[in-house]
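What follows is a single chain, given as structure tokens, in the form predicted on its own.
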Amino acid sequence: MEKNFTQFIEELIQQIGEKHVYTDEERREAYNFDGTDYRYLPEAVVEPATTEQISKLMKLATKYKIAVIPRGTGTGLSGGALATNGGVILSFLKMNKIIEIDEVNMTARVQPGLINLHLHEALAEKGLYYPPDPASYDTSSIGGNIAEDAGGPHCYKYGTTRDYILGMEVVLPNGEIIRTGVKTRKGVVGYDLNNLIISSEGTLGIVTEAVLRLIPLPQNIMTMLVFFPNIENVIASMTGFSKNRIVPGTMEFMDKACVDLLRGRIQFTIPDETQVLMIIELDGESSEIEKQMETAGEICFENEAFDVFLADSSHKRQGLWDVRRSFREIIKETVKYKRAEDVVVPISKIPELLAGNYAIAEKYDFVSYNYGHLGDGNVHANMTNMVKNDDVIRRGHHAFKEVFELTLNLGGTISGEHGIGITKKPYLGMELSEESIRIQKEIKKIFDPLNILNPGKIFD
């Protein structure tokens, strides 16, 4: 350990306590990975319990010019929580509490390490609801969701994390503590630092507390599975829903490769000729959603659906969502190589995107699995192979560069909710102009002139 870093650690222990600072290899190893295949070993791990301790950490990091990488539960898919330049992992393991639930104003004040699912469970007991629920909601944390502006299946109707963050407590790279946003539903005083911090991937400030906007818990939820001959019929059905004023809480899809993996994993018989599976979820008052579900089924049949099934029990519904939320791991279990990226295109362009993905996969000798959120055009594209070696990895890079080019040509964006981190950093210039990147780098310098907060992410 270098003398400068040793001095930093010694002083940090004096200020926040030895029980919050770890330099042993076992603890460091526990923080050397995330949802990607990359591995980077940090020089130390800090697990603070208070905002004040984080402030002291950042003041010392500024003094000694030590890199600090904020980290939730490490479920990210872009390498954003990895210590790629060494330094200290700042873990929110001990800052995982619900500080307050205000039932009158329908807000919750929470710490960043709180698991998304735990928040949902606590709110449900009070008849309240926090809609953002990424696929990893049973393991991902609110702080990580804020860092990436996570969405999930329900963002078509309810929006993403950004739409539910009223205000935050933030520690700046120099250790100063500021408040962004408000605790009220309205507020336009000064620039919107709140939205600037959200989705900044922990590069501008460290969120230590968040005030969340809540809504009433829907009275009832009904889930329907629909089996289609092609994606065009799915898009036509969505148009029919809109014309009939049906706004599903969720509209998901899985292509044929995904559907074939589903067989035997869910309690429904999948027609052999199915090319696309659609999951529709309606929520609201029971009498109203029953009528809407009947109309939605009729619309699907009008658009050549093979069959429509209702998940007529909470057990069936939960079983279906358990499989959907773990689909990334299900695919990974069946192959040696898997690279997954999320892209977003206009809904009408989803058929073109899928057709292009299949052609690219064939060109580079991959099998393509595609699934995602129909309502906002967010497609999770996977390239897989039964072999993993340097050549396959190289071809994966080339394949996804073409997927990103196709996405942009269709009027889309190369990341919907996974962020940029390190995995998509090489492709940033494909979407953003040099001037846009320059301005964003200048913003980074204003917040973090020493480049010590999560360095090497988004930009070089």
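Everything quoted here is computed from the prediction, not taken from an experiment. Don't overthink the numbering: it's just position in the shown sequence, from 1.
Only in words, not in the display: the form predicted in complex with a small molecule, which the text now covers.
Remark: all three candidate residues (Leu77, Ser136 and Gly205) come within 4.5 Å of the small molecule in the predicted complex, counting heavy atoms only.
Only one of the listed residues (Ala81, Val379, Ala108, Val88) places a non-hydrogen atom within 4.5 angstroms of the small molecule in the predicted complex, and that residue is Ala81.
Taking Phe227, Phe92, Tyr130, Phe241 one by one, only a single residue has any non-hydrogen atom within 4.5 Å of the small molecule in the predicted complex, and it is Phe92.
Stretch-level contact check against the small molecule in the predicted complex with heavy atoms at 4.5 Å: of 185-193, 327-335, 259-267, 212-220, the positive one is 327-335. His418 belongs to the set of residues with a heavy atom inside 4.5 Å of the small molecule in the predicted complex.
A residue is said to contact a partner when one of its heavy atoms sits within 4.5 Å of a partner heavy atom; Glu341 fails this definition for the small molecule in the predicted complex, lying far away.
Heavy atoms of Gly152 reach within 4.5 Å of the small molecule in the predicted complex, making it an interface residue. The small molecule is not drawn, but in the predicted complex it has a heavy atom within 4.5 Å of His373.
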